[in-house]
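As a starting point, one isolated chain is supplied in C-alpha cells, in the form predicted alone.
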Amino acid sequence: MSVAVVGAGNLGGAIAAGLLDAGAVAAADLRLVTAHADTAAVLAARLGAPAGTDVAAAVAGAEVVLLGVKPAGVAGVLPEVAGALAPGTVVVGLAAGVRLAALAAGLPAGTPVVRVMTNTPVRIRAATSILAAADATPAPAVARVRALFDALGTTHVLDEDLIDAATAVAGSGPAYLFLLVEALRDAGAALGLDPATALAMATTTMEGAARLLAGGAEDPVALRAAVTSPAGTTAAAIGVLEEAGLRDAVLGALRAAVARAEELGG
C-alpha cells in the first residue's frame, strides 16, 4: 500500500515510523511531507523513506493520504491535495475538530474520506485510535485505513458524532496519566522519597496496573476493590480523592476537551 503523510511532524512522523516498524508500509511506498526542507532531510535520513516539501508530488499515486497538519492548516492544504489525488485515493484527516464534511468539501466529489484520532503511544505501536468514515466512503476504503491503524495498536470505529468524546478519553488520555504520574512523583518527594525513585515507582505501578486491567478478566471497580481493604491505607487515600471531587473533575475535563474540539472545528 502506498501512503503519503502530509504534515509529518510529531504525530505524522510517529505514525510513519510505526507503519514502517510494523511492516504495514514499505519505505519505498511511504512519502512524507513537511513544511521545511531541512526537516524533511532529517526525516528521510531517520526513516529511510522519501521526504520533501512538495504536497502534490507526495500525493500523486498514493492509495492513502494522511493529513497530519494542525486543524488551522487543513483548509490551506486541501487544495494542494485535491489537485493531485488519483481516483479512489482515501484521504484521512487526523486533526481534532475538522469534520468529515469539511474535508469532503475541499476535495473532488466522491473522494473517500475518513477521520482518525489517535494518541502518542502510536510511537511504540500501542496507540488507541478512533475511526469515523463518511456514509459514502466504500467499505474497502475504510478497511484499508483500519488496517494501517490496527498495525499501530487498537482501533475503534465510531459514529463521527462521538469522535470528540472518544478523543477526550483516548486522544488526550495519555496526558492525564502523565499528569497523575507527575503528581505521584511530586507527592512522593514531599514525603521524603528521592524524586527519581518516586517516578520509577509510579511509572512501573501504572504499567503493571494497566496490564492487569488490559487482561480483561475483571472490570476496574473489582480491581480497585481488591486493592482497597476496609479501613486500610488505600481506603484512606481513595476517600480523600473522592471527597476532593475526582470524578466531577474528570467529567469536567472531558467536557472541556470536547468543547475545545468543537471550537477548533469552527
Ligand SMILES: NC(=O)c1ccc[n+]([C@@H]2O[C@H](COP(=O)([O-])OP(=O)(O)OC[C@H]3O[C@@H](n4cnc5c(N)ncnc54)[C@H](OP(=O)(O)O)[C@@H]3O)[C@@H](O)[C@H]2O)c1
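Quick note: we count residues from 1 along the sequence shown, nothing fancier. What you see is a predicted model, and the numbers here were worked out from it, not measured in a lab.
Just so you know, the form predicted in complex with this ligand exists too; it's not on screen, but the next bit is about it.
The stretch among 183-191, 83-91, 118-126, 105-113 whose residues place heavy atoms within 4.5 Å of this ligand in the predicted complex is 118-126. Heavy atoms of V142 never reach within 4.5 Å of this ligand in the predicted complex, leaving it off the interface. Residue contact check for A257: none of its heavy atoms lie within 4.5 Å of this ligand in the predicted complex. In the predicted complex, this ligand lies within 4.5 Å of some heavy atom of V69. Looking at T197, you'd find every heavy atom of it more than 4.5 angstroms from this ligand in the predicted complex. With the partner removed from view, the residue among V55, V64, A202, L47 that has a non-hydrogen atom within 4.5 Å of this ligand in the predicted complex turns out to be V55.
Between this ligand and the residues L131, A134, L148, V77, the one pair within 4.5 Å by heavy atoms in the predicted complex involves V77. Along 22-60, these residues reach a heavy atom to within 4.5 Å of this ligand in the predicted complex: V33, T34, A35, H36, T39, V55.
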